[in-house]
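A single chain comes next, written as structure tokens; it is the form predicted on its own.
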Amino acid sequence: MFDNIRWLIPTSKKTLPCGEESEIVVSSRIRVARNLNSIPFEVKMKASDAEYLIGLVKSIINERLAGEFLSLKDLKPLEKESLLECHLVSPGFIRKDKPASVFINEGGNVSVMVNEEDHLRYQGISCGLNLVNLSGAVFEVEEMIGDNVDYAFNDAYGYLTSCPTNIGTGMRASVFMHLPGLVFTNEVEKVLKGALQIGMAVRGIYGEGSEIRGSLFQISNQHTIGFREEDLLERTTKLAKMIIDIEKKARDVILTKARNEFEDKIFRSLAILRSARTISSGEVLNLLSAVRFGIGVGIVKEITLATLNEILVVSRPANIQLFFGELLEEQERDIKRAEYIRQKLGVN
């Protein structure tokens, strides 16, 4: 298994600094899809094609980038789930039957999936609203590999991808937002419908088809064709800032009209996190949501957002098992999760 689950809590100085508005924007993500002209697309690939591509990409990366290249077939089921929980791979990737691999840079914030839905899926993640800086880190890797291969490109349509919705730039820019103010004031549906009307997608914590919980929403561009990368970054950033402004106003309403109710919820949540002897991953999401709100409005001062972000990731079902280095049944996970959180919050 991973030594000290090293990808969960990156410590490298090469990790990007946190972006803006991190009390509302939990993280930013860039994903870029690319295919090679010389190899059949994924739906028609043979196992030999997939193996060849892995070897080619590995040889290019190993000469130029520090990090680790992981073969999907060599990973245990728990390790695959952990990579998914850390947002370093996609749900579809860990279910692949054909040969597939993932490269993760030494900072733990940029990954390259080989033989996912497309030949190559570049992905970067950073805390806070940080799309422009993050795109620079992702496209640096994309261009480095592109200098050594021939990407499938059409003058009329742009980069060619397995799914038609990705044709064009092949890029998705997304922000993972915490919006308890909009949920409480019943404005969230109106705001998110507005996002859909201007071509943005709204999803849950693990992307398409996943449940929205803990007032956490993932917002990304829905269309990639007919735009430049810069246009998509600007549109997504602009929308995120608009939603941030609306969320802040909703929080002001809460503090004016329901402060006691929310303070009670915040401190009850914090008390449970500090004292619980057993706690589920779903419960953690809701409790962290309340405490994160408390930090954002200045009610909770002794806990940092970085601590909450770490708890959010490490407390997931696979990650908590890797953290303790044990295979655990659900009830045992709940006990160990509570133990980890108490330790993280400075409680014996």
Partner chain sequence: MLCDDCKKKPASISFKEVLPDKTIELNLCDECASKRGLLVNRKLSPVEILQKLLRQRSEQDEKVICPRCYLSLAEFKRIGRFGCSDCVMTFATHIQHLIKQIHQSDRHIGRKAAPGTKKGLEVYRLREELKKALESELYEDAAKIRDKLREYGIKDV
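Residue numbers count along the first chain shown, from 1. All of these numbers come straight from a predicted model, not from anything done at the bench.
Absent from the display: the form predicted together with its partner chain. The rest refers to it.
Exercise. 64, 160 and 197: each with a heavy atom within 4.5 Å of its partner chain in the model of the complex?
Worked result: All of them do, each having a heavy atom within 4.5 Å of the partner.
Would residue 69 show up as a contact with its partner chain in the model of the complex if we use heavy atoms at 4.5 Å?
Flag for residue 69 set to no.
Notebook entry, point to check: Taking 4.5 angstroms as the cut-off for heavy atoms, does residue 180 touch its partner chain in the model of the complex?
Noted result: No, no contact at 4.5 Å.
Margin query: Since only the chain is shown here, I'm wondering whether residue 114 would be in contact with its partner chain in the model of the complex (any heavy atom pair within 4.5 Å).
Written below: Answer no; every heavy atom of residue 114 is more than 4.5 Å from its partner chain in the model of the complex.
>> Taking any heavy atom pair closer than or equal to 4.5 Å as contact, tell me whether residue 40 reaches its partner chain in the model of the complex.
In response: Because a heavy atom of residue 40 falls inside 4.5 Å of its partner chain in the model of the complex, the answer is yes.
- Query: in the model of the complex, which of the stretches 71-79, 183-191, 257-265, 239-247 has residues with heavy atoms within 4.5 Å of its partner chain?
  - Reply: Every other range fails; the passing one is 183-191.
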